[in-house]
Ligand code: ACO
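In the block that follows, a single chain appears as structure tokens, in the form predicted alone.
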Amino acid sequence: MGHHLPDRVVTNHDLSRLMDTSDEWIRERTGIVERRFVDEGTSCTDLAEAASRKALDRAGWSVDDVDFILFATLSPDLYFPGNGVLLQTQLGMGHVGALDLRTQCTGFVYALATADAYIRSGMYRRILVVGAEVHSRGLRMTNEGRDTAVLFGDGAGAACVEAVDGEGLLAHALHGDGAHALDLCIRKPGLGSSPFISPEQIEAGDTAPSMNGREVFKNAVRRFPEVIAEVLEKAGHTPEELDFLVPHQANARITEAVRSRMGMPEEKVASNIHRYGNTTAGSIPIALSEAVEAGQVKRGDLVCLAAFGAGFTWAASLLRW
């Protein structure tokens, strides 16, 4: 694992100077105290490159050892092509394939499951799996956009994935429900309707995230425990055997509700949203990388990664570290 966060720290007090909000209001509703924003000149691919180089170094891989790239993000540098090929070039790799995934908050789990399937099929041997986001440039830093502007931050995480003897990735569960697509989305730019983008749509906030918070919370606290139970059952394990849970860092209240329903102690559940906010596809790999560094996850531990987000999509992976 490897992760990378921008140096620039943006506190709740900083945001209160831009919109009608306060540190108390943000903390109470989200648990967020600060987040990281990129400086001008730093791209989502730049964050991914830094995280990837750390992961490669820790795995003892060179860039030539990577057979394939899976890149999860909702904030690509360009409308197209995707960030995977940009990362391949910045890392100085050969002409390996690169696939971008667009399942937002569940992106890293979907990518990890895809990497597992590719390796098990024999198609690839070593895969670089990345989740990275630059939200800060797309947020609406106004009173109209404050409900979502206070939530998101920038960051990246990466994993080097290869086959090992014995246990490794044990089970995956991937789900979606497009009936809720507009409950958490960015409407423009897009080709689903005309025009592709207009000044009026920008002014209306259609290029920034919109969210039905009540619907997101209600579904998240239901789907998280469901999908965690599903992968445990698939792999023949019980919740009591779980050593560590890494939930997507969307909202501290959601994490606490899930932890409570699972009956897990705080020290067994990753939580860094107070420092980074919601980094979407970067959330789980950043949290897992930090947990490994801190010794919270040790060799032989049974670990579950679980996420819920836009789509709606929800997913989980169970692994033996």
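In this text the structure is predicted, and so the values were computed from the model without any measurement. Position 1 is the first residue in the sequence shown; the rest follow in order.
There is also a form predicted together with acetyl coenzyme *A; it is not shown, and the following applies to it.
*Asks:* Spot the stretch among 65-73, 41-49, 288-296, 253-261 with residues whose non-hydrogen atoms come within 4.5 Å of acetyl coenzyme *A in the predicted bound form.
*Replies:* Of the options, only 253-261 has residues within 4.5 Å of the partner.
*Asks:* So, a 4.5 angstroms cut-off on heavy atom distances: do all three of Arg102, Ala132 and Pro189 pass it with respect to acetyl coenzyme *A in the predicted bound form?
*Replies:* The answer is no: none of the three residues contacts the partner (heavy atom, 4.5 Å cut-off).
*Asks:* Even though the partner isn't displayed, in the predicted bound form is Phe152 close enough to acetyl coenzyme *A, meaning a heavy atom within 4.5 Å?
*Replies:* Looking in the predicted bound form, residue contacts with acetyl coenzyme *A include Phe152, since a heavy atom lies within 4.5 Å.
*Asks:* Is Arg120 part of the interface with acetyl coenzyme *A in the predicted bound form - any heavy atom within 4.5 Å?
*Replies:* Answer no; every heavy atom of Arg120 is more than 4.5 Å from acetyl coenzyme *A in the predicted bound form.
*Asks:* Consider Ala181 of the chain shown here, and say whether it contacts acetyl coenzyme *A in the predicted bound form, taking contact as heavy atoms within 4.5 Å.
*Replies:* No, no contact at 4.5 Å.
*Asks:* Answer yes if any heavy atom of Asn12 is within 4.5 Å of a heavy atom of acetyl coenzyme *A in the predicted bound form; otherwise answer no.
*Replies:* Result no; Asn12 lies far from acetyl coenzyme *A in the predicted bound form.
*Asks:* Let me know the one among Gly138, Pro225, Pro239, Gly213 whose heavy atoms come within 4.5 Å of acetyl coenzyme *A in the predicted bound form, would you?
*Replies:* The residue in contact is Gly213.
*Asks:* For the stretch 282-307, I need every residue with any heavy atom inside 4.5 Å of acetyl coenzyme *A in the predicted bound form, listed N to C.
*Replies:* Nothing in the stretch sits within 4.5 Å of the partner.
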